[in-house]
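Quick setup: one chain, the form predicted on its own, written in C-alpha cells, and binding and motion questions come after.
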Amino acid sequence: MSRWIGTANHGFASYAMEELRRLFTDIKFQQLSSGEVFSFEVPGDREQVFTDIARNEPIFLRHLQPVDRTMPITGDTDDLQELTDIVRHARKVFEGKRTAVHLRRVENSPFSYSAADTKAIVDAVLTEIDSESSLQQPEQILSLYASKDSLLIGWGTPRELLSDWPGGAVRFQREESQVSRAKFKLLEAERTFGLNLAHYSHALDIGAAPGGWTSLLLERGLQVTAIDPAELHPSLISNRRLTYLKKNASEVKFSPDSFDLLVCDMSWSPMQMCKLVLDLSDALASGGYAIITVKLMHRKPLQTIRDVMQKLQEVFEIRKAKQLFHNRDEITLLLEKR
C-alpha cells in the first residue's frame, strides 16, 4: 500500500479523483484542501504508481506527490531537526543531484516555519550530503506538505511529480506591455508539452482577439495569421509578421498546408470550436501541431472531453490533454495533424 497527495485546479479535484478511480482499483481518498488537494492510498508501490500514471496521465491531476515519510508536527524546533534527519537518511536519493525543496501547507497548520526558512535549513543539509540546491531544472524534488497534524514528505523527479513547481502552480511574471493573461496559458502549454514554439514558421490563430497568444507567437519569430471579428491590441497591428483578418473564422479559407501550427483559445461552446478547427484543418500541414482549449461549460466535463476528442480524432492524433494551472473552466489539448 502506498500513499500519495494529488492536486487539481480549484473545484476540479473530484474529476481528478474520478480519473484515478478508473485507473486504480481499491483506491481510498481523503480531502486535504477542499476542491483542490487530496490524499489517496492504492495497493501498488511507488514505482508501479508512477508507471501507471505516466502511461495514462489523468487530465485533471495537476501535481502528484508520494508520501514516503510521515512526520508528526510538534510546532517547535524539533520539527526541523526531525526533517533534517529524514533528509540525511535519504542521502542516496539526493546525493550528486540538483535538488529543489518545495513546501506547501494547509491554513492553520502547526508547522511554524516559512518556506524560505525551511528551504534554508534543508539546503544546508543537502550541501552536506553532496546535493546541489537548485530551483531551476532540478533532477530531484523534495516535496513537503504541512497538514493540520503531520508533515507529509516525498520525493521524485519533475516528470514523476508532473511538474517542477510546488503543487504544479506554474508562475510567470506579468510584463508591463503584456496584451492579456491568456499568454500565460500558451507559455505553460509550451513548457508542459515539451514544445519550442520558435521551431515553427507559420501559425494560424483562430479567435485571436485581443491577441495574447498571437503576441507570444510573434515574440517567438513566427509569421502569424490572426482571425477574429473583434479588435486585436493596437500594439500588435504594425508587426510585419502579422496578417490580421477581421472576420469570423467560418468566413475564411486557406490553401492546403499553409501553416505548421494552429492555435485556438476561443470562448465558444466545445462543439462549435471543434467544428471551426476541423473546417480549417486542411490549412494545417500533415504532422503540424494544434494547441486548443476546450471550455467546460456543462456539468459533465469528462463526457464533454470525450465527445470533443472523438470528433477531433477524425483529423488529428490526440498527443496530450491536460488542465493546466492557468486554465480555468477549460482544458488544453495538443493535437498532431494526420
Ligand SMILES: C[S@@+](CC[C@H](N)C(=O)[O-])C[C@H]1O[C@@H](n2cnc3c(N)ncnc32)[C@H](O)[C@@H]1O
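If you're wondering where the values come from, they're calculated on a predicted model, not measured in any experiment. The first residue of the sequence shown is number 1, and the count goes up from there.
Only in words, not in the display: the form predicted together with the ligand, which the text now covers.
Heavy atoms of residue 210 reach within 4.5 Å of the ligand in the model of the complex, making it an interface residue.
Residue 96 falls outside the set of residues with a heavy atom inside 4.5 Å of the ligand in the model of the complex. Interface residue remark: residue 201 is not counted as part of the site for the ligand in the model of the complex, having no heavy atom within 4.5 Å.
With a 4.5 Å cutoff on heavy atoms, residue 253 does not count as touching the ligand in the model of the complex; it lies far away. The single contact residue among 229, 72, 75, 221, judged by any heavy atom lying within 4.5 Å of the ligand in the model of the complex, is 229. A heavy atom within 4.5 Å of the ligand in the model of the complex is found for one listed residue only; from 262, 151, 197, 182, this is 182.
Listed stretches are 242-250, 82-90, 159-167, 142-150; the contact stretch with the ligand in the model of the complex is 242-250, by a heavy atom cutoff of 4.5 Å. Interface residues of 77-106, taken as those with a heavy atom within 4.5 Å of the ligand in the model of the complex (partner not displayed), are absent.
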